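Single chain ahead, by itself, as structure tokens, in the form predicted alone.
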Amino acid sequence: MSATDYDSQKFHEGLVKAGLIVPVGVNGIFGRNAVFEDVLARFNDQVSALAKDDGAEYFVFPPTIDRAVLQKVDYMDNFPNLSGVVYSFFGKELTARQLSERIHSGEPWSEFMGMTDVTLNPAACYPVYPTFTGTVPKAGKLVTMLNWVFRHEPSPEPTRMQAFRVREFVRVGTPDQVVEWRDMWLKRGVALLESLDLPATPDVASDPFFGKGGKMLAASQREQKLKFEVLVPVISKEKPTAVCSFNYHESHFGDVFDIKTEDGATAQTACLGFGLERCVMALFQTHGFDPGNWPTSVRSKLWPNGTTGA
């Protein structure tokens, strides 16, 4: 039985009442309690178990990224509305006093801040591509990461977060290598979610490109089936939530970062990501806010030693 009706506000209120999330006054930003984090860690362990024999290198990157990377990959052309550029104060003491006066008087103070060399990371895979520059081995490369991601889309809808974590995998190699890998993981992802009694459905998707030109890019992406998502009802049965995505970039990142295969061709890339908070919310909506009352099949998979919750 679902935790609440499939309704954004009721689900948010239920998460808060159960203590699973802690509002902090800004839409899309909230704390997570120990139970939420325990479920998240257990789900991530399931993803790790699926990949244990794949030989992926594991990395963790900070939630900030070199601004030059976003410029090189045309992120600001395609998603300027989602970006989070980091600004800081570069002035001297007099200007600092003026800044303080503005803040304490409730007046705008952005003019005293300057752009830094970093932005908040908008995609879990972005930090790793510059590290591939050069020639990759014949078998290509495979890495996995658990990174914080920021997207400026404040919303009271609980699955529409400004800051969230993604368990990411990136494959680099020939077209055959990366497409076969992506398609294999799409099947894996659906099977994992179904094993947790989640009603998961794969579908062709597109990124939220900005503006009129973005509609054409999105249509092309769908037509070429470059992006798939796995959907689970969380706040709506009619419009289920994407909890993981599987993307084929063709030679885009290979061109931008000069990544080559052994035969000198431009390497191609694919990535996949599990939105960990969304997967956790799908579990709470589907099975209820108390993991102790979840179906035995789900609890035994996430807590094989029998200890449910934190």
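Keep in mind that this is a model prediction, so the values were computed, not measured. Sequential numbering from 1, following the sequence displayed.
Keep in mind the form predicted in complex with another copy of the chain is missing from the figure; the text below concerns it.
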Just one of 144-152, 187-195, 173-181, 219-227 has heavy atoms within 4.5 Å of another copy of the chain in the model of the complex; which?
144-152
Residue-level contact is defined here as any heavy atom of the residue lying within 4.5 Å of another copy of the chain in the model of the complex; does residue 257 satisfy this criterion?
no
Any of the heavy atoms of residue 66 lying within 4.5 Å of another copy of the chain in the model of the complex?
yes
Considering only heavy atoms, tell me if residue 43 and another copy of the chain come within 4.5 Å of each other in the model of the complex.
no
Give a yes or no for residue 54: in the model of the complex, does one of its heavy atoms lie within 4.5 Å of a heavy atom belonging to another copy of the chain?
no
Can you list, in sequence order, the residues from 69-98 that come within 4.5 Å of another copy of the chain in the model of the complex, counting heavy atoms only?
71, 74, 76, 77, 80, 81, 82, 83, 84, 85, 86, 87, 88, 89, 90, 91, 92, 93, 96
